[in-house]
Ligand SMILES: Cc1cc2nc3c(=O)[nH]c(=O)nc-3n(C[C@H](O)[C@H](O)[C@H](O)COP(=O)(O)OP(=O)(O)OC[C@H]3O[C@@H](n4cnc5c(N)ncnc54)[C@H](O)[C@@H]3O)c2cc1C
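A lone chain, given as structure tokens: the form predicted alone.
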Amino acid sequence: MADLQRLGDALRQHGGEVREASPGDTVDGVLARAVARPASAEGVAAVLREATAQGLVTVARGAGTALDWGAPPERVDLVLDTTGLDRLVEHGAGDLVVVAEAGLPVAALSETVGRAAQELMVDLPPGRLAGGSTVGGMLSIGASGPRRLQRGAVRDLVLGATVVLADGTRASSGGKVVKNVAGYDLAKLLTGAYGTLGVVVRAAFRLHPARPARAFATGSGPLADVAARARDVVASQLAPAAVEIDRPAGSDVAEVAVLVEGTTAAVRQRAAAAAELLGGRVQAGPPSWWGELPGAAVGQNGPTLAKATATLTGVADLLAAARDAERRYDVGIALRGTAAGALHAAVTGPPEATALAVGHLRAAAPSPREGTVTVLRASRDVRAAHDAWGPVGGLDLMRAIKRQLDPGRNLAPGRFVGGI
């Protein structure tokens, strides 16, 4: 049982609060016992030091927009609310770098750097941005959007981080300027680790200049044709900022949209060339589905959300596998994401049929080299049928890192691959 008095005493001199958990303080259905909301990195360190001394399991939480992704934790004694760490520490516009605390909403960060005609190119789904998705949450799940095709994933944009380990030790890696890469691996290591290795309290990111013009080229057609055309655009000399495919559930037709950015004249020419490759047209704005995850906001009774990766040529196989699974198991599978091979799937149907459909998709993406299917969000019945993560390379190494950074398994045990 969490000793709230001792947790409160540990936090008091650093600012913040500790309270008993309410029914809304759950992590993927697992109810917490207490919630701590520090206001500084020192407060995070003090709380984690005391929580670990008490043998408590702690799960960090930002806005909670993806707190039910991954696997449920084994238990939750303490939720560490990071929204009290909400400062934009520094914006080095001349260096194209921004430093922010973990609880700062990504939308607020983007608004600030946007006033200097700069961007953090993570392209989170609009729904998550509106929900207050934070810098720390974005790093925890390794979120990235359409423009990762050209600019890389968030793992490639983070330059450094300050992290608090389970025992309260503070560690920093990397730097705040692009040329400083010392310790960069630690920041990358915690990106996408679902809070199981440490709690990020501050991070530095590489920015990009906002480009003055943009246009979209769109086209549609049979699944195999769309996959081939999209592949042609990705492999072309047009340097697209993003190439996205949308295949609605139950459809034999998909749509592809290409984003080109740059100067006005060059954008016009490149968009026209992309439209010709697609057999489509040029439009000024994105299609309505651009950047959103497929399916509705998902709960226990909503669609299962999975992330499917594939090779560039394997995207066509993934589209075909989704259509085949629909026919076999009487489910709906909406697929959406980059034509380079990172898509999200929303699977709608009874739990047993959904589990069979997920297995069918995994057969089309069977290994880390050829592609994988990760179940991000699902009902208990679907989770019982499948390991959320599927086949993962380097699991022994990951477990060794967990033992080194969190030997007592006090940080979100069970949320990540292999029960980490």
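Note that the structure is predicted; figures quoted are calculated from it, not measured. The first residue of the shown sequence is 1; numbering continues from there.
Note that the form predicted together with the ligand isn't included here; everything after this is about it.
Residues of just one listed stretch (347-355, 48-56, 63-71, 34-42) have heavy atoms within 4.5 Å of the ligand in the predicted complex: 63-71. Although the partner is absent here, residue 337 lies well away from the ligand in the predicted complex, with no heavy atom inside 4.5 Å. Remark: residue 274 does not count among the residues lining the ligand in the predicted complex, judged by a heavy atom distance of 4.5 Å or less.
Although the partner is absent here, residue 200 lies within 4.5 Å of the ligand in the predicted complex, judged by heavy atoms. Within this chain, residue 216 is remote from the site of the ligand in the predicted complex, having no heavy atom within 4.5 Å.
A single residue from the set 314, 262, 168, 125 has any heavy atom within 4.5 angstroms of the ligand in the predicted complex; that residue is 125. This chain lacks the partner; the member of 333, 230, 102, 161 within 4.5 angstroms of the ligand in the predicted complex by a non-hydrogen atom is 102. No residue of the trio 329, 371 and 390 has any heavy atom within 4.5 Å of the ligand in the predicted complex. In the predicted complex, not one residue of 341-355 has a heavy atom within 4.5 Å of the ligand.
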